[in-house]
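Starting off, we have a lone chain in the form predicted alone, written out as structure tokens.
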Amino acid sequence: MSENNLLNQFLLDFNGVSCPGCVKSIEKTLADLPATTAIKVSPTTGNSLVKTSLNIDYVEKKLKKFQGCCENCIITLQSIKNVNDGNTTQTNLFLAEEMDDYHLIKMQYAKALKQLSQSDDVACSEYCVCKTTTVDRKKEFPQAPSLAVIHDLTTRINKYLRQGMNVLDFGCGTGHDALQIAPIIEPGNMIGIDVTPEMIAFATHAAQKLGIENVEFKIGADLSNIPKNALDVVYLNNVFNILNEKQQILQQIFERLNKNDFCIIADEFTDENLPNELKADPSFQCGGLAGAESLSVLEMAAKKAGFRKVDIEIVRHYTVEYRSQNLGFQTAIVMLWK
């Protein structure tokens, strides 16, 4: 091993990061490097600024390739730059790239979609919400197999639907629900919004293959581009838990619904005071359970946004064991009436 007497600063650009577990793997790998301090590690990309007395060749060799969140996940060092020139602008720009709130969500679901196409298990851990059903994804609706959805949501929505409605699927994924609902509401319009470009491309292609013309899929992280009072129904299928700004999204939904219309939220909920360790656990973060709220919290947030009535249907109760604790969860479908 060759070392320098002077401390050098390097910007490290990693590839293969798809979840918080991968970021933690980078942090651990950097911590194991001798004579090296991680000044900053991006929580969304894993890209890092480090200070070290090691030479660049040694750093590059040690970080060239290593395991991410699991044995099937490999992180590679895409580039390494010496920034001893004090170029703070370059440093800040490097660490800020792709620092949007949903970068890891995009990576996770792009990866899951690829695994689905290869007939692999899409669940990122045993605690993934993808495992909340035993339904065969490819047989249940082969044109647009689901990833993390409550499969009988469309059945429950159908009795409220009528021709001519305008409906929004927020967090539409592959278009699993939207493509089943769109023919029912025709000549009304279906809009699907999702943060993952690969999902939008897949759903759009599926709609074309099925010949469904009253559906449009768009990239987005909120409802800001939807006119107010333009929708009759909004639904979120296993999406609410991964939202960073839940109250803001509920407010946007309320403003975009017509009077007396409704929003449906289908997700996992808990009355437990979830341990901070669980909330920070990569398995639960990837799986969507780390962000689970109680139904009472959702009800209060909905009423704060302006909804006049909240109806709750519990689909099932189940427990998850975490560090010798049995934590209670519920799968529920919640209707919010404007």
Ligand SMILES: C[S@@+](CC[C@H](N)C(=O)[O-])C[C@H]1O[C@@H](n2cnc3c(N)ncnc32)[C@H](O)[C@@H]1O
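Heads up: residue numbers just count along the shown sequence, starting at 1. As the structure is a prediction and not an experimental result, all values here were calculated from the model.
What comes next is about the form predicted in complex with the named molecule, which is not displayed.
Chemist: Honest question, do 173, 221 and 237 all end up within 4.5 Å of the named molecule in the model of the complex by heavy atom distance?
Modeler: All of them do, each having a heavy atom within 4.5 Å of the partner.
Chemist: Considering the named molecule in the model of the complex, which of 157, 182, 243, 75 comes within 4.5 Å of it through any heavy atom?
Modeler: Contact check passes for 243.
Chemist: Pick from 105, 207, 263, 226: which residue has any heavy atom within 4.5 angstroms of the named molecule in the model of the complex?
Modeler: Residue within 4.5 Å of the partner: 105.
Chemist: Residue-level contact is defined here as any heavy atom of the residue lying within 4.5 Å of the named molecule in the model of the complex; does residue 166 satisfy this criterion?
Modeler: Residue 166: no contact with the named molecule in the model of the complex.
Chemist: When the contact criterion is heavy atoms within 4.5 Å, does residue 199 count as touching the named molecule in the model of the complex?
Modeler: Contact check for residue 199: yes, within 4.5 Å of the named molecule in the model of the complex.
Chemist: Residue 217: heavy atom within 4.5 Å of the named molecule in the model of the complex?
Modeler: Residue 217: no contact with the named molecule in the model of the complex.
Chemist: State yes or no: in the model of the complex, is some non-hydrogen atom of residue 148 no more than 4.5 angstroms from a non-hydrogen atom of the named molecule?
Modeler: It does: once the named molecule is placed as it appears in the model of the complex, residue 148 has a heavy atom within 4.5 Å of it.
Chemist: For the interface check, one of 188 to 196, 207 to 215, 157 to 165, 255 to 263 should have non-hydrogen atoms within 4.5 Å of the named molecule in the model of the complex; which one?
Modeler: Looking at the partner contacts, the answer comes out as 188 to 196.
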